[in-house]
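For this one, two forms of the same chain are given in C-alpha cells, first as structure 1 and then as structure 2.
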Structure 1
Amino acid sequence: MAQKGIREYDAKRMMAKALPKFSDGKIKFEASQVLIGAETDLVKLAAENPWLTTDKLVAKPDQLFGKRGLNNLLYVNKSWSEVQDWIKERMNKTVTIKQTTGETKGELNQFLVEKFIPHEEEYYIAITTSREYDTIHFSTKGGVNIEDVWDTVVTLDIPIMKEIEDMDVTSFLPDELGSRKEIVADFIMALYKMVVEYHFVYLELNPFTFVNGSPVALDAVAKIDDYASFQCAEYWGELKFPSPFGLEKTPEEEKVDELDERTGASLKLTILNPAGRIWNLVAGGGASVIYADTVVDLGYHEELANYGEYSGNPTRELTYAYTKTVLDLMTRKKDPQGRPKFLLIGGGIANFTDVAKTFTGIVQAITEYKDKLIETDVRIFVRRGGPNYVEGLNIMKNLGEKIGVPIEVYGPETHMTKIVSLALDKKVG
C-alpha cells in the first residue's frame, strides 16, 4: 500500500534514535513520551517513566488526526493524576472531530503523554517528497495553521540524485534565526537524512522549538513508505500502521488483512455499508475500482456494501476463505423491505491468474452458503476472462443450476462492467 501514516509517538521515537546518529552526535533529541491504550498498566508505566510523576505533562490522542487543540483534545501543563483522569474520561469514547477536509467520527483509543516543555520560539518544518525531488519547508512562524502564514515559509528542493551535503542549507534559512541558524541547519540535515534512510515520504513538525540548545518536537505528523519494510525493520523497530481515524477495521476486514499478509497474492476488503445490497467480489486492483465506480455512476452508491479485490493468482483455499467472509457478511440479514441482493463476481481478462482455479474456491464457498443465499434472495452475476475462463464460466453456470441460486454468466465478449447495469437497471428497487 506504500504510503502509510504513523503515530506521532513512533515518529518521535525514531527521531530520538536517528538524529544523534545522523548528526554525528551534534543533535540531541529527547523523546520523553509514553503511549497509552485502554489496556495499558498505568502503575507500571509510571514506575518505568519516573518523569511522569515529577514533571508537568501534555496529553493528546495519537490517532493520525491533527487540529487537536481546535477539537479540545489537547491537555497541557497538567500533573500525572490529572492526565490519568482526563484520559480515562475519553478512552474508548466516540467523538466527532473537525478537520480541514470535513468532520470524522471515530473512537479515541490511543493517547500520547509527554513532558510539558515551556518554550518561546515555535518553528515549522516539513519535508515532502515528489517524483523528482524532496522539498524542505521551513518557517519561524510555526505553531499555527501554516497556510495562514505561507508567505513566511522558505523552501529548498533536493533533487532525487543529490545528497543533503550537496545543498547549501544554511543560506536558505531566514536570517532572523541569527546565531541559531547553524543548529537549525544541523537539525534539518539530520532530519532529512532520517527521512531518506528511514524511507519517510512525509514529515511535518509544527511546531518545534529549542530547549537548552536541543530541538524538541511539540508535534509530529509522518508517513512512511511501507514497501521499504524489508530494508528498515531495524530502524523502524516495532511499528504498527494504525487505520485512519474513524476507519477502525471490523473483524472481517482484519481477517482479510491476515489472509493478505500470508501470501504473495493480494486480498482486500473494506466494508462500506453492511446493509447495502450490492456486494463486489472482483478480481484485480484496477477492475475492482471500475466496478465500484460503475455502481456509483449508476446512482446506487448507498447500496454499495463493500470495496474489495483479490488478485495475484490466489490459491483455492485463499479464494475460498475470502469469498466466505464476503458471503457471511452479505447473508446475515434479509433486506428489511424484502428486496433482492446482488453479488457481482467481476473481473477483467486475467493475464496469468487461472480463472477456473480461483473459481473453484468461490464455488466451494457459494455451495456452503447455498441456503443462506436463497434465504436472503441473492442473485449472482459473473463476468471474467483469462486463462481457463471457459472452464471457469462453465463451473459457475453449472453451479447455478445445481444449487438453485440465480447465476448469470458472461465472458470477454461482454463489456467488463455490463453485469453491473444488467443487475441494477432491472432489479434494484
Structure 2
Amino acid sequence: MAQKGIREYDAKRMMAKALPKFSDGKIKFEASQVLIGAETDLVKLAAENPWLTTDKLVAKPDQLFGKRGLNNLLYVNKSWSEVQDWIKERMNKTVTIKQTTGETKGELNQFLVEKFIPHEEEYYIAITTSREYDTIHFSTKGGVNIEDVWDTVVTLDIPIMKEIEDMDVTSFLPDELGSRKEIVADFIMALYKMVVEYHFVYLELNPFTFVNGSPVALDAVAKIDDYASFQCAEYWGELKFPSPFGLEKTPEEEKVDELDERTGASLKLTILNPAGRIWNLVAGGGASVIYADTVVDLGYHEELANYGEYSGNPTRELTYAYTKTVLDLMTRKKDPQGRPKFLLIGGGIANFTDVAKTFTGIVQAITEYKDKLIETDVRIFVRRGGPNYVEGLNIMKNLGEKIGVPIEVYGPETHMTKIVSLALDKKVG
C-alpha cells in the first residue's frame, strides 16, 4: 500500500458523488468549488460557475498542508473580485509554512475557491485505517487544533472483517448531539462506505457543520491507496497526486506518474540527486528500499541519484518507457571528475513478473542509449531471479558483449544486494 495525499478539491468532489449513493439519498453534498492554478482562465471560470460572482467565497491554498488559518492563508467571506486579487498576490510566490512538524518552504500554485457557508457549530470526524481495524474518531469540538481538545474525541473501532452495518454507530456518539445523532450516524456510515469502496486510507473533516439539517464538510484532508488507481479509476475520476508542499515534481517524475496511472502495475521514480553516479532500476517496492538503504549503508548516500521501482509485471512497452526515462537522466552529463557511473538493475526473486519479458523492454532502451552510456562511462550490474530469469540474464549478458557496455549479470544464487558492493567497492571513489 502506498499512501498518497490528495487535494481537498478532489476529496470533496468524490464525497459529492459518493455520499448520496452510500446513504440511500439521505446525505446530499453539493461541492460548489473550483481549483485555480497559474494558467486558469478566470473569466471563463466565472462564466462556467456563475455562483462565483453572486455568492460570498472562501479561498485557500490546496497543496497538502494544514494550518492555513494560522499561516494567514485563509480568505473568508469575500467577493469574487477580492478573491481574484488575493490569489494573484500569492500565486507562484514562495512562502514558509509553519506546522506542528516544523517549517516548510515552497511555492503557492494551486488555490481552492468555494462558497462561504455561514455557521455556528463545528464538528470533527476522522476515519483512520490500520492492519487489524479501522477507527472512526468524532468530536463536537471541531474547527480547532484537535490535539488540544482530544479528551472530547470518542472512537469506534471496526474490525477488518466487519461491516459498518454490524456496528452500533449511533450509540458511540455523544448525547450532546441531541436530535442530530441519527443524521450524524448516517453521515458517518456513508463516509465509511466511501472510504472502503474508494480505497481511502485516511479522511478527516475538521470542521464539518450543518446546513438546513444536513452535514457539510468545510475542510477535508484525505489520503488514498494509490495502488488501487487501476480498479478505482471510475470512482476517482481524473485524479492527479500532487507532490508534498515544498517538494515539486520534475517533468521526468511527472512522466513516470502518467505511465503508472495507465496500468495495474507499479512504476515509481523520485530523483534524489541528478548529478549522482549511482542509479537504481529495481523491481519491487521492498527491494527498492533495500537497494537504496544498501547504497547509503556503504557510505555513498551523496552519490545516490534516484529512488524508484517497477513491479507488478509491467508490459514490455512500459518497462521500456520507464528505463528510457532513467537512462536519459543518467547520461545527460559526464561526471566532472571523469569517474564512471553505475546502473544497478536488481530485485528479489519475482513471484509472477516475467523477468525475460521485462528485460526485453530494458534491453531496447539500453540499446538505444548505447552511445550515451559509453560516452558517460556507465557500468551495469544485474541481479535477478524469478520466472524466466535465466533467459533474461542471458539476454542482458549478450547485450553487453554486443554493444560494448560493461554488463555483469548474477542470478538468485547471489545475495540480492551483493551487486551494490560489487559495483561500488573501490570503484566509486
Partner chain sequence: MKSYELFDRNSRAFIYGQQQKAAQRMLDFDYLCKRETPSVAGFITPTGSGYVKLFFGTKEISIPRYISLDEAILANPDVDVMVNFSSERSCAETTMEALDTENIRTIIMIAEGVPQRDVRKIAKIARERGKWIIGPATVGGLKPGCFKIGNAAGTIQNIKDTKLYRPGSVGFVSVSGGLSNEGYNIVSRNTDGIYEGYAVGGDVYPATTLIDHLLRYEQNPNIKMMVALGEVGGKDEYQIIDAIKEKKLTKPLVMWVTGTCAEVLPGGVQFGHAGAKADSKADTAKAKNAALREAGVIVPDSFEDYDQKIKETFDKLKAEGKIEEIIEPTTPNVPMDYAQAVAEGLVRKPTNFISTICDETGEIHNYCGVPIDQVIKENYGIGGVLGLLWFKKKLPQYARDFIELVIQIVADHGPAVSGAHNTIVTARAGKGLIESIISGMVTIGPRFGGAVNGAANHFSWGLQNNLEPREFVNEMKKKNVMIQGIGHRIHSIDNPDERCEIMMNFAKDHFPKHPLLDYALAVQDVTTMKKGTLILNVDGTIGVLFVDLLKSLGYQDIEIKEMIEMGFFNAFFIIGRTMGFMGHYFDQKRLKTPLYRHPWDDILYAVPDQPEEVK
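Heads up, when I say rigid core I mean the largest set of C-alphas that superpose within 1.5 Å between the two forms. Fair warning: this is a prediction, and the values are worked out from it, not measured in the lab. Residue 1 is the first residue of structure 1, and the numbers go on in sequence order from there.
> Can you tell which of the two structures I gave is the form predicted together with its partner chain?
That would be structure 1.
> Compare the rigid-part assignment of N71 with that of C232 between structure 1 and structure 2 and say whether they agree.
When each C-alpha is assigned to the better-fitting superposition, N71 and C232 land in the same part.
> For the rigid-body motion of this chain between structure 1 and structure 2, what is the smaller part's rotation angle in degrees?
Rotation between the two rigid parts between structure 1 and structure 2 amounts to 23 degrees.
> So if we fit the rigid core, how much does the CA of L327 shift between structure 1 and structure 2, in Å?
On core superposition, this C-alpha lies 9.1 Å from its counterpart.
> If I align on the rigid core, how far apart are the two C-alpha positions of T250 between structure 1 and structure 2? Answer in Å.
That residue's C-alpha sits 3.0 Å away in the other form.
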